[in-house]
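The form predicted alone is given below as one chain in C-alpha cells.
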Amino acid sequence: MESQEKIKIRVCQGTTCFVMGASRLEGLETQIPPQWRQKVEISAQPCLGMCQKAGFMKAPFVRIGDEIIGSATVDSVLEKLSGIFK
C-alpha cells in the first residue's frame, strides 16, 4: 500500500443498521488513535446492501477496504485497524 493511500471505512447508515447500532459508531473518528487518523477516511453510506446477503441480525455493517464487518462496534473496527497497521 502506498503511503498516501488511505484505508476507507464506510459505516452503513441504512435503516436496519442505524436501528441496530450504527448510531453508536458516529464517534468512531475520535476513538481512532492519533497515529492512524491521517491514514483512514471514514464516511457514512446510505446502505451497504449487506442485510439481504448476511441477514438483518448481523447489522450494523462496516466496510473496511474490501472487508465487511458484521455486528460492528467501535471496538471491532479498532481491532481490525490494529491488524492492518501492525
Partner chain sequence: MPTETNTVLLRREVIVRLIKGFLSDSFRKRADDLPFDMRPKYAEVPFRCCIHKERAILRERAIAVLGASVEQDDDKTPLGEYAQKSLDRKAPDQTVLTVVETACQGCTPNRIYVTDLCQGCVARPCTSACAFGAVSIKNGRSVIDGSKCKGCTKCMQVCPYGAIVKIKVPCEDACPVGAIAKNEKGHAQIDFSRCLSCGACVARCPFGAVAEKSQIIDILKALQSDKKVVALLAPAAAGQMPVGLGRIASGLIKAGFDAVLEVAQGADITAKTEAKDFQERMERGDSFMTTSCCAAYRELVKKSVPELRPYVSDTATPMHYTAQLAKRKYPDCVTVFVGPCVAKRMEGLQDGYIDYVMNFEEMGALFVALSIELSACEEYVFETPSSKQGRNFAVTGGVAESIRVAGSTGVSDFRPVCVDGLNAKVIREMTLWAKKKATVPGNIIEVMACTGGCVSGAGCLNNQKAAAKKVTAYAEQGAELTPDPANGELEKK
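Positions refer to the first chain, counted from 1. Quick caveat: nothing in here was measured; it's all calculated off a predicted structure.
Another form, the form predicted in complex with the partner chain, is not on view; read the next lines as being about it.
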With a cut-off of 4.5 Å between heavy atoms, is E26 one of the residues that contacts the partner chain in the predicted complex? yes
Determine whether any heavy atom of Q31 comes within 4.5 Å of a heavy atom of the partner chain in the predicted complex, and answer yes or no. no
With a 4.5 Å heavy atom cut-off, would you call G70 a contact of the partner chain in the predicted complex? no
With the partner left out here, check for me: in the predicted complex, does some heavy atom of F56 sit within 4.5 Å of the partner chain? yes
Taking the partner chain as it sits in the predicted complex, which residues of 19-33 have a non-hydrogen atom within 4.5 Å of it? Please list them. V19, M20, G21, A22, S23, R24, E26
